[in-house]
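Just one chain is shown here, as structure tokens, and it is the form predicted alone.
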């Protein structure tokens, strides 16, 4: 069999696409390899959300140029959001790349690779295409946990974001196809699925008849053998009382919710075209915690958006303190070509962005550490997903609130088991725990 090496940058959606590409190519006699040097085909799955991500891709392509020179028969491809958005730049800066294709062309990857190999000319495919449900996965994919795409695209048009251009309009997969995919995954040993969408809580509006994410969660919940359901990424604009009730009432839905804030300033939120205010966001947080008191909350924040004043930034710090997140992903604003924010005249100097990012992370580390500390001594439910990365004599898993737990359980429990463990130590990025001999009521987060 020919050898395939896949390099992935970016979000969970890109990880999902990489798995599907590897699965599709396996059906055409390509097997995965961890070695670039042994590969007959290398695909670089790219992200275009920030400039830094794009530069990482070009740096990697520069490294691969030497390999391509030594192995002229090697097919080198670039796929994903950056391929969609920067196709001309890729061709100019890396003319030795054989294949460039966007997310809409993933289902045709085998055909595109064959064309690049047999025609020995540059192949480009970044046009729109019908939505296709791809379920193929490589044997190396995580057996216990899996991503399932429920919708593609976004129509929010935030002024900083390229996703509407790279992923297109919102398009939902039929619930029957999603449930069938989940059943297939469970038959292969999967215990937890994460339902993916750029705005996942907008799911189903475009279907006939219309449906919604709460109904889909109920249907996935009925799949026998599945232990947990997660979903990401949600937009506050689409967070309805029905959605909050589903988080409370659907048993397999985990007590973890990622709700991007982006900024704590109403003025900045309006310039971002986010569609909600600070007050509305806090109303949603209150409703979530009233419905699910143990819920763990994470968010995305952008530092140094165009026109952000010191007062705007202080408002973001106040929100982090007030909400008391369990995890925060903070990013310095990066101008994306073709977005309205890139043309705003009041751009923030990089030095100020860096300083604000540092100050934000100081607050984040203090707040998230306090949240994590409350888990000490608690009994948590853990889905065992493998051996600990740092200690081969221990097992590792995740709580329902999405924290990594390492514990001594070899020989007593198996990968895929759901167990209970008492937290003995809270570390910066994980928990240590002692396996309980008898199940106890588990808690998800601090009370």
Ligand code: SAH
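Positions refer to the first chain, counted from 1. Owing to the predicted nature of the structure, the values given are computational and were not obtained by experimental measurement.
Omitted from view is the form predicted together with S-adenosyl-L-homocysteine, to which the following refers.
A.B. asks: Tell me the stretch among 370-378, 160-168, 206-214, 221-229 that has any heavy atom within 4.5 angstroms of S-adenosyl-L-homocysteine in the model of the complex.
C.D. replies: Result for this chain: 160-168.
A.B. asks: Test of understanding: in the model of the complex, would residue 313 fall inside 4.5 Å of S-adenosyl-L-homocysteine by heavy atoms?
C.D. replies: Contact check for residue 313: no, nothing within 4.5 Å of S-adenosyl-L-homocysteine in the model of the complex.
A.B. asks: Hey, in the model of the complex, is residue 53 touching S-adenosyl-L-homocysteine, heavy atoms inside 4.5 Å?
C.D. replies: Contact with S-adenosyl-L-homocysteine, no.
A.B. asks: Is residue 418 close to S-adenosyl-L-homocysteine in the model of the complex, meaning a heavy atom pair under 4.5 Å apart or at it?
C.D. replies: Contact check for residue 418: no, nothing within 4.5 Å of S-adenosyl-L-homocysteine in the model of the complex.
A.B. asks: Contact between residue 49 and S-adenosyl-L-homocysteine in the model of the complex at 4.5 Å, heavy atoms?
C.D. replies: Looking in the model of the complex, residue contacts with S-adenosyl-L-homocysteine include residue 49, since a heavy atom lies within 4.5 Å.
A.B. asks: So in the model of the complex, are 45, 79 and 149 all sitting within 4.5 Å of S-adenosyl-L-homocysteine, heavy atoms only?
C.D. replies: Contact check failed for every one of 45, 79 and 149.
A.B. asks: Sort through 175, 138, 307, 260 and report the residue having a heavy atom within 4.5 Å of S-adenosyl-L-homocysteine in the model of the complex.
C.D. replies: By the 4.5 Å criterion, the partner-contacting residue is 260.
A.B. asks: Heavy atom within 4.5 Å of S-adenosyl-L-homocysteine in the model of the complex: which of 191, 332, 278, 252 fits that? Just give me the one.
C.D. replies: Contact residue from the list: 332.
A.B. asks: Go through 231-253 residue by residue and record those having a heavy atom within 4.5 Å of S-adenosyl-L-homocysteine in the model of the complex; state none if no residue qualifies.
C.D. replies: Going through 231-253 in order - heavy atoms within 4.5 Å of S-adenosyl-L-homocysteine in the model of the complex - there is one hit, 233.
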